[in-house]
Ligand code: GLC
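Next up is one chain by itself, shown in structure tokens, the form predicted alone.
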Amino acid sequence: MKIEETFQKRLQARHDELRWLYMELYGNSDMFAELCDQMYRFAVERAPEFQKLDGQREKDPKWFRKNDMLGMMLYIDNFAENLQGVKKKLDYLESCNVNYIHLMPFLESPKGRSDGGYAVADFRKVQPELGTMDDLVELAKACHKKNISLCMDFVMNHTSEDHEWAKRAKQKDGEYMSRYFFYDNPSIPQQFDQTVPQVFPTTAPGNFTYLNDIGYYVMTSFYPYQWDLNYQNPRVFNEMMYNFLFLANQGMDIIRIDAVPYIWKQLGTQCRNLQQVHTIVRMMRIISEIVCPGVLLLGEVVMAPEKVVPYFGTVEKPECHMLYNVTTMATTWHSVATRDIRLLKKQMDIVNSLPKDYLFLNYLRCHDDIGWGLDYPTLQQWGMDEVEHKRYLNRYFTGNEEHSESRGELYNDDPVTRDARFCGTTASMCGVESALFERNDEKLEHAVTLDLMLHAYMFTQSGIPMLYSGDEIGQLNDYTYKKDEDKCVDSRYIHRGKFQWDLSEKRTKKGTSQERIFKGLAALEKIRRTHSVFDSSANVYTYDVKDNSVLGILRENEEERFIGLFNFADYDRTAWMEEPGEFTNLLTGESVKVKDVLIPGHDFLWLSKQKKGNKKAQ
């Protein structure tokens, strides 16, 4: 079937809902007609190999939900200098068992005012030092030959003040001023400030920036150089969808929508999670299903669980294909610092109770800081005060608490409230940095054990695991950012350091921390992709082992019963339990009786039993 016919078939199946949503939001039939015309143009311009992949994925809509999926996020320049360099390093990524690469922001943004690339000046141009759009297409095609999916960020809440629209708005061009939120006096900005929380109250206070040269206030929720887009204007929605489709046509498989909850602004609200946001995301899903159905939407929703789940939409009217499991990530580190898994268990029970169609990305670290957005009402029931507990966590992970081996730095430290978030690499948070500094082999062994335990726990969760580049070799904090005038004020760069290829060579040198972590992860990854019980279709539950330091996770399907036991205490604990029959330790191959199992400090067990009548090999 020709692409023209295929497009019309897809459009016909989804047209009525798309039009209804668009007209409900904008009431502009001319703009809707233009949108449909442009969707057709992008569909027919889509490269034949990407069209072919679309067709394959339409026939296998669960292609991304299988137990062989493993992601890695990386900065292009830190990892391999440029896009061509990443292409040359695909063999290395394959050796890491990675088949999903998230390229951190690479579109053109102004030096010194880029917010790590999230202040986009041109949605159709790559940062010159990283390459060109042609290089991106080449990388995508090379990835597809190796069955590797490529992900990128789509920053749709705002543009850089250097974007062409913003430049025209500065010239008081009304057409372009209407694409942002401009006010000629402080009255309405002050009304917004009464209900809208500040994103960065320390480093970028307020929600508006006054532009002295033109005498206007402009909404800037994040940083003064990032101007919020006005999605009440249908021209903004249409043009941003054209940018979205342009980027999809460069060969992207997954597009991460940045700061989703903030997209719609309305006076008298918190400008977070408004219903119109869901209308926009639903329309994006429909548009992508018509033009490029092989492309997935990944939503960045850094909110409490009850605020995150709605961004999946419903089973009948889905929105995002995947969401980040943000709260579980923060609670994981809380569990390390407190040796208490009760809150983690409670949150995992909530996630595990959701429909299996809801797919989370699980991770230990990402490019951002760790914010302590925990369930404090529950913690207070257990005697943990919110303010004091946050301070304890920050003391622990900066190594300023007794018995802590963690190393890192605070982010957005407020000297008045003493509230702060935290930054550091996984290995440094686990104690690898301090152990190597002290040349203490016993501490190093313990730190590596903790590192691998946390990764094993992440691999056991329901969803897709994501590694942060460098974690596969236990890369440490990079303090050189302090010497860079463009980065020194942002402690997040402590874990955004250059990938150390010299250290990666040690991953094959027996006995090094790099070899132990790399080899340990490889063993876990092999088990995960060869046992169907790790597929997203399996049933997943927490397993109560009567010890608040030991997390038990049960995974089960028709073939296999799997139990993971994870000791969050730094001393031996017993998992009080009894399971009939013999289990196999998946890492050693040994036969194990599962009764009152002793687990060394910060260690774990992966245990499996084939079900009766299933003759598959362990």
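Remember, it's a predicted structure, so these values are computed and weren't measured experimentally. The first residue of the sequence shown is number 1, and the count goes up from there.
Missing here is the form predicted together with this ligand; even so, the following discussion is about that form.
Among the residues Q226, S109, T426, T460, the one placing a heavy atom within 4.5 Å of this ligand in the predicted complex is Q226. None of H334, H495, H158, H163 but one reaches within 4.5 angstroms of this ligand in the predicted complex through a heavy atom, and that residue is H158.
Stretch-level contact analysis of 138-146, 251-259, 210-218, 82-90 against this ligand in the predicted complex, using heavy atoms and a 4.5 Å limit, identifies 251-259.
Shown alone here, E300 lies within 4.5 Å of this ligand in the predicted complex, counting heavy atoms only. Taking non-hydrogen atoms only, F200 approaches this ligand to within 4.5 angstroms in the predicted complex.
Within this chain, D122 is remote from the site of this ligand in the predicted complex, having no heavy atom within 4.5 Å. Though the partner is left out of this view, H367 does reach within 4.5 Å of this ligand in the predicted complex, counting heavy atoms only.
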